[in-house]
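Given next, in structure tokens, is a single chain: the form predicted on its own.
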Amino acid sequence: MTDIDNNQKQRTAIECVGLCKRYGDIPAVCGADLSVSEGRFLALLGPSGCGKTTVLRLIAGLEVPDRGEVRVGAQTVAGPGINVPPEERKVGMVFQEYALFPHLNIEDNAAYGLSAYERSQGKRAHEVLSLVGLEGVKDRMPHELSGGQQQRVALARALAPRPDVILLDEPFSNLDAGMRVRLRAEVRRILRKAQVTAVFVTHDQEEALSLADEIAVMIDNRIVQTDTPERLYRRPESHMVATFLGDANFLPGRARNGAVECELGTLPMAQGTEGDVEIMFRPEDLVLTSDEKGPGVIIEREYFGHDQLLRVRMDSNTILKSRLVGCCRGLREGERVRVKVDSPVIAYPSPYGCPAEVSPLE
């Protein structure tokens, strides 16, 4: 780890402790804990209605928590007896629908949050429009720009007052797929160059995995795990997180001495546990080899160009998924295959207990 990484880890830009918020009898956020280091890009990932946007609004000061605290930098901005107004929190917000002023040109939109003196000088508005690559369209009106350009104007306006933190609420959801991929890389570059901490809300797993330094997974109004994209995907702490974050295979087994016995044989585990377990491995960890006497048969194939997803029915009637990169390697529907797990598996305590007899493959 570099000195920069160590320094960033020591400085906390945003901290939420025990955040709770209800709307009448409906819970929106239940005891959320969140910590974001300076300069980091965190994705708050979860299904619709899980409370992601409410957390963002609590940080911004657009909502008041029922319980818990919010700190931005060294300042407590929300907590018992404390509610710092949004404009005093040094937090910028980019909304899903951009919220540009239709009667103002692009330069005036970018300068909206600045003081009267800074607006009259025009320097800061020019700086942020240059940062987002829109200095050449400053005299146009919002309706004359594409959706991607409008989103960059909204980002420029949020950056103009030099906030410590930028919050983005589903910033790419109104764009088509191609534009979304291009713009999210561009936004990451812009925020890196601006050296601000960012939290963005999304329900798109691919977006979170590809864009964020860290991901906080939120399910049923709670943050259930926060980690790097790599660790979240490879080492989810629960069946719930594993299922939400990509495709996963699950099998019952018995764990002992760092290995688990299941119908695929004796497999190494990524962590130590004992007794009846449910193991998890990703489709890309399942290797298939054509074999007329193999214990599985390919029942479905989905081809995506860069990869393909195969579904295999084992002789036990278990359905497993295998993801292969590139060409089809000669495998086709109806073909029998041998199966092998090519990575240590994750084991969770079994919610059901293990079957009386686990018959591993020979």
Partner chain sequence: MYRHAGFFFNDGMFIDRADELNFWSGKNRTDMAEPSGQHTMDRMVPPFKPGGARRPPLPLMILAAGIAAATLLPMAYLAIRALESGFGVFEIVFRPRTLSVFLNTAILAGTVTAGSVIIGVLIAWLTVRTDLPWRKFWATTTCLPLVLPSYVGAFALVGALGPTGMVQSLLQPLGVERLPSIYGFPGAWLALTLFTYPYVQLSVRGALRGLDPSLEDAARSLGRSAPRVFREITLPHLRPSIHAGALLVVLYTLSDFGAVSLLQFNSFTRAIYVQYTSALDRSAAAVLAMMLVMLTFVILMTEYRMRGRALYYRSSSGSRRPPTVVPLGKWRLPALIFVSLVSLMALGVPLTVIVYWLFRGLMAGEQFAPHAQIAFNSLIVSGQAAVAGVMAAFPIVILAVRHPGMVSRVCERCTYVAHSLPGIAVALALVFFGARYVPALYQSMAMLVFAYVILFLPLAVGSLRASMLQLSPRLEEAGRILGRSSGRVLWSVTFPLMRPGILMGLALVFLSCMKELPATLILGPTGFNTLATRIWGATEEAFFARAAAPALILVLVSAISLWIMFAHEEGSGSRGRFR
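These numbers come from a predicted model, not from an experiment. Positions refer to the first chain, counted from 1.
What comes next is about the form predicted together with the partner chain, which is not displayed.
This chain is drawn without the partner chain; in the predicted complex, the residue among Leu320, Ala28, Ala32, Ala60 with a heavy atom within 4.5 Å of it is Ala60. Listed residues Val91, Val260, Val128, Leu168 were compared with the partner chain in the predicted complex; Val91 is the one with a heavy atom within 4.5 Å.
The candidate stretches are 214-222, 234-242, 120-128, 101-109, and the one lying within 4.5 Å of the partner chain in the predicted complex by heavy atoms is 101-109. Residue contact check for Pro86: one or more of its heavy atoms lie within 4.5 Å of the partner chain in the predicted complex.
Taking non-hydrogen atoms only, Arg157 approaches the partner chain to within 4.5 angstroms in the predicted complex.
Interface membership of Phe250, defined by any non-hydrogen atom within 4.5 Å of the partner chain in the predicted complex, is ruled out. In the predicted complex, no heavy atom of Gly265 sits within 4.5 Å of the partner chain. Proximity to the partner chain in the predicted complex holds for all of Phe95, Gly113 and His143, with the criterion being a heavy atom within 4.5 Å.
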